[in-house]
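The form predicted alone is given below as one chain in structure tokens.
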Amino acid sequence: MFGSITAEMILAVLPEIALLVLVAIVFIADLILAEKQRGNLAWIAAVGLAIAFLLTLLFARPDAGGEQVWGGMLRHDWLAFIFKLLFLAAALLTTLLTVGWTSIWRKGEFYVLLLTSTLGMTLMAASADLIMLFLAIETTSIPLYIMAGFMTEDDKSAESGFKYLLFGAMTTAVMLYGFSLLYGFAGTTNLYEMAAALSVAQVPGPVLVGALLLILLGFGFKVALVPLHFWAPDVYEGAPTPVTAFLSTASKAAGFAVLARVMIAAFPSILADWQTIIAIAAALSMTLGNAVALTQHNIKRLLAYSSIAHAGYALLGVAAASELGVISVVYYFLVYAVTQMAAFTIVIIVWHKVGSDEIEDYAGLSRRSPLLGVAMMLAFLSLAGVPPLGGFIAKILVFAAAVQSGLVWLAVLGVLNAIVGLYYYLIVLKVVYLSEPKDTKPVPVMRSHAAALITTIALVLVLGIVLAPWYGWAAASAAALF
């Protein structure tokens, strides 16, 4: 099936090979390290992920057009390359955030699950075949179910893991049925052969749209689109916060990488139909996410509904179904991932001090820790899309893509929703800067958390000011996809 294994084939799966080796190292280290030394597991995983990131960046760059490898199961192109780097970076930052989190720190099995889920995400981004895509989704999801409920002594964590598993299994079954219908219609599981096969088979449009809706149920759940968003607030609140950070960045980005590839590669014959479906989902997600976020008193639930709204913004790029649309989606998730990680890093730092995620407990944070207050301001204003931060450029790109494709009404709705989003972000910043602090003691910051926060805030600024290199990468991924 694969013929002779070439250097190109090996480089295409270099991140996956590095992650498998790292899983083995962490597993063995967990067996041989004494209990007091198991805090080093986080650093072993972090160093290994940093090495995997550098190896991927230096040696795994694809050709301009990209190509299918491993018997057509994977596609080695710029879209997969950029998202693989994003997943590795998100896993590295998540590992740094686990330091000091007593219920998961020193637990080797947690890091094995995190690395396995990251492996699944890298395969998701590169999948060019329905079978590989399904296996990659399950490799990603099953560890996430366990990680969400990892704090077994906490009822909220156990509940969140169970809810995530229950609803995830249900939507995956529906998605798999959609996959089976597609295979029955096309006679192939290869995404890049499917469009031609469906055209030859002359599958009626309404029937194909029905199969697509089943598939979108699975994809929509993964990225928490309305009306499949119901799990996100409870899971985000109940899961350990480092897991929530990973879920809201890497997992969401993986879902969008798959969504963009599958829609454009397999369904050009019903472009107008799926553009309409995606546009409606974008409008609902933006509006409901922002509206409900206005009423939240828990910072993690607020960020959960905010992430639903951001999924809606990113969908504008998918709905555009153009090169600029794909560019905007890729750039959006580069910005969103680092910004959301910065926000959750601050949540973790504050939680370690006050033991609460209530917004009222952030009162006077800027006076207790001025630098932490500035970091929170930059992260939240970037999420709101305020210049000159990365979030501003990301929103401009998705709105421009929508307008270019004739979806002016959707772009206008997006702008109005961005104004609503700015309001509730400013409410939180008002508490941080203007409310009287309940305690005057400074908020301590661990070195690992400081490293994660400095890195992400720096990237938020860079992505908003230095546009060219990142835009070039996004443009390369769009060109390869089309």
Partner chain sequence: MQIPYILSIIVFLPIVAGAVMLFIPPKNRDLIHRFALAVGLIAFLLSLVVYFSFDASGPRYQFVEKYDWLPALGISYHVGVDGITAPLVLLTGVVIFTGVIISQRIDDRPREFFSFLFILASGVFGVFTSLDLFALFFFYEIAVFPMYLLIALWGWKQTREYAAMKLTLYLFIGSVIALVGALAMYFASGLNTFDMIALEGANFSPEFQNLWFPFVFFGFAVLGGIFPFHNWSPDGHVAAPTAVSMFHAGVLMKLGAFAALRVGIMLMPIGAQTHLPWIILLTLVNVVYGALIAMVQTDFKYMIGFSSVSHMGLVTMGFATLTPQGYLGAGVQMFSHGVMTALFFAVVGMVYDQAHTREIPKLGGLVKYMPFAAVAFIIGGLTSMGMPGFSGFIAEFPIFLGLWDSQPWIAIVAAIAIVVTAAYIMRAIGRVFFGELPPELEGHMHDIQPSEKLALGVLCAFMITIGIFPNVIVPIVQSGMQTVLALLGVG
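Positions refer to the first chain, counted from 1. None of the values given here were measured: they were computed from a predicted structure.
Not on display, but discussed next: the form predicted together with the partner chain.
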Contact between K430 and the partner chain in the predicted bound form at 4.5 Å, heavy atoms? yes
My question is simply whether L324 lines the interface with the partner chain in the predicted bound form - judged by any non-hydrogen atom within 4.5 Å. yes
S366: heavy atom within 4.5 Å of the partner chain in the predicted bound form? yes
4.5 Å heavy atom contact, P370 to the partner chain in the predicted bound form: yes
Selected contact from A50, L57, L434, M446, since only one has a non-hydrogen atom within 4.5 angstroms of the partner chain in the predicted bound form: L434
Of V174, V412, I131, A201, the one that lies within 4.5 Å of the partner chain in the predicted bound form (heavy atoms): V412
Segment assignment from 438-446, 32-40, 58-66, 418-426: heavy atom within 4.5 Å of the partner chain in the predicted bound form: 418-426
Heavy atom distance at most 4.5 Å to the partner chain in the predicted bound form, all of M377, G385 and Y471: yes
Check each residue of 368-405 against the partner chain in the predicted bound form and list those with a heavy atom within 4.5 Å, in sequence order. P370, L371, V374, M377, L381, G385, V386, P387, P388, F392, I393, I396, L397, F399, A400, V403, Q404
